[in-house]
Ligand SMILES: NC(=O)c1ccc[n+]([C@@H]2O[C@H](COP(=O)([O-])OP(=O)(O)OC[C@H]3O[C@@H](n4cnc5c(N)ncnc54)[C@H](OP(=O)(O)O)[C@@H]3O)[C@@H](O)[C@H]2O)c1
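Presented as structure tokens, the chain that follows is alone, the form predicted alone.
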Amino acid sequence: MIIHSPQPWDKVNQSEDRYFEGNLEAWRALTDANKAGKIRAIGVSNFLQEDIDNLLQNAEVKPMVNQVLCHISNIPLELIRYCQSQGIVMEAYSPIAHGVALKNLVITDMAEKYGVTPAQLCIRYDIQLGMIVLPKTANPEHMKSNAEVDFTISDADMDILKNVPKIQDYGAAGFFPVYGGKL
């Protein structure tokens, strides 16, 4: 069970208020449910370092996971490193950027170099960052292909992928607040 966002969904990227007190109350409820055996694991999603620090400094239990938007061209490297240093598992959602990454020439050319699909390259990239990766598909063939990531991207190519310019337009998925900036 996770707190989906440190801010109310309609306030994401619209407010400087990080809702520290509300997050602590929600976290206490999750902690109580976890201790009572009602849920096995608790975590957060879209929490920045300041939001994580609020929990670490004020809560009895630290988050087990922080689920964040992470894909080639949108990599919160400092947040990933920080959470990992605190023993918080990092999960990457939207590893192919709602399909937008599949149209990027750097990604498609590099996927061809490795003999994999662009989606496989994107998933493998997040894995090599130490992330648990949550690709989304209802297509059984894509599910099978998404699991076939038994290759390694070279350090030099990882560096190239870390410097792909940030996606500015997520198309139809652009209405989601997480694509709007801060998170």
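Start at 1 with the first residue shown and count on from there. Quick caveat: nothing in here was measured; it's all calculated off a predicted structure.
The next section is about a form of this same protein that is not shown, the form predicted in complex with the named molecule.
Indicate whether the candidate residues His4, His98 and Leu134 are all in contact with the named molecule in the predicted bound form, with contact defined as any heavy atom within 4.5 Å. Yes, because His4, His98 and Leu134 each have a heavy atom that approaches the named molecule to within 4.5 Å in the predicted bound form.
Counting non-hydrogen atoms within 4.5 angstroms of the named molecule in the predicted bound form, say which of Ser45, Gln49, Thr31, Gln128 makes the cut. The option sitting close enough to the partner is Ser45.
Find the only residue in Ile153, Val149, Leu55, Ala119 having a heavy atom within 4.5 Å of the named molecule in the predicted bound form. Of the listed residues, the single hit is Ala119.
Would you mind picking out the stretch of 154-162, 34-42, 56-64, 134-142 that comes within 4.5 angstroms of the named molecule in the predicted bound form, counting non-hydrogen atoms? Result for this chain: 134-142.
For Leu102, is any heavy atom within 4.5 Å of the named molecule in the predicted bound form, or not? Within the cut-off, so yes.
My question is simply whether Tyr82 lines the interface with the named molecule in the predicted bound form - judged by any non-hydrogen atom within 4.5 Å. Close contact is absent here: in the predicted bound form, Tyr82 is far from the named molecule, nothing within 4.5 Å, heavy atoms only.
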